[in-house]
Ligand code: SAM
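As a starting point, one isolated chain is supplied in structure tokens, in the form predicted on its own.
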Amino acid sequence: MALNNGQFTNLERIQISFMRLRNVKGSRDRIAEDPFVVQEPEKYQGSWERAFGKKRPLYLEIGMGKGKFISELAVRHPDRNFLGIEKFSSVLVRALDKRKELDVDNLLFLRFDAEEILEIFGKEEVDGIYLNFSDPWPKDRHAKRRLTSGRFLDRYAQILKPEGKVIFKTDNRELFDFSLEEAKKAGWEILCCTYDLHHSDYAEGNIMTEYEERFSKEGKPIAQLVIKRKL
């Protein structure tokens, strides 16, 4: 499925601006020294409670952007551990700015490419995965790079606990339809599927990301998909 036919969505325009920030001077050095960024994550595979200092259910946000969403999750759920994963250093440093303001012990970050996720998490170690406004990779030849492709769903199935869920939000209707099709083909159970989250029964308790706030103000509907692998 080709996405957008050459037209940029609002999300893609914002992502282009992020790309321009990828080489912010000093961002890599700061990340390497920050105590809230996990270094050498492969050492924690199968025992991520060691990184947090306390054993609690583990939740990931892959592609967390500036960290607003996962920071709010950490505040609301002190009984869970949260790990924000972001591959762009210049974006991650903005999340670190927010992290300094929080009085929590359950939020850490990781500069990492999700392609290698099986190298740092053990079998059935993760309780939930959040995917918010992921890169749509609009060209057909890049479909396997989408974080909701069957290729990635297979990886999530290996690291998620039996009842673990993937929670996906996007403003991109074509990406959402693609994700729904991939989940069905992979045999995942559909727990929630809405094309207008904010006007649905699933809106209660929803935490908005930076993108989500912006798109909502523009009147764009937000779609949400919640899935878990069938036992």
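Just so you know, these numbers come straight off a predicted model, no measurement behind them. Just count from 1 along the sequence shown to find any residue number.
Omitted from view is the form predicted together with the named molecule, to which the following refers.
Heavy atom within 4.5 Å of the named molecule in the model of the complex - residue from 143, 153, 91, 96: Here the answer is residue option 91.
In the model of the complex, the residue from 175, 64, 58, 37 that sits within 4.5 Å of the named molecule by heavy atoms: In short, 64.
4.5 Å heavy atom contact, residue 147 to the named molecule in the model of the complex: Heavy-atom contact with the named molecule at 4.5 Å: present for residue 147.
4.5 Å heavy atom contact, residue 113 to the named molecule in the model of the complex: Contact with the named molecule, yes.
Close approach of residue 135 to the named molecule in the model of the complex, 4.5 Å, heavy atom: Contact check for residue 135: yes, within 4.5 Å of the named molecule in the model of the complex.
Any non-hydrogen atom of residue 85 within 4.5 angstroms of the named molecule in the model of the complex: Flag for residue 85 set to yes.
Contact segment among 177 to 185, 202 to 210, 45 to 53, 28 to 36, judged by heavy atoms lying within 4.5 Å of the named molecule in the model of the complex: Answer to the contact question: 202 to 210.
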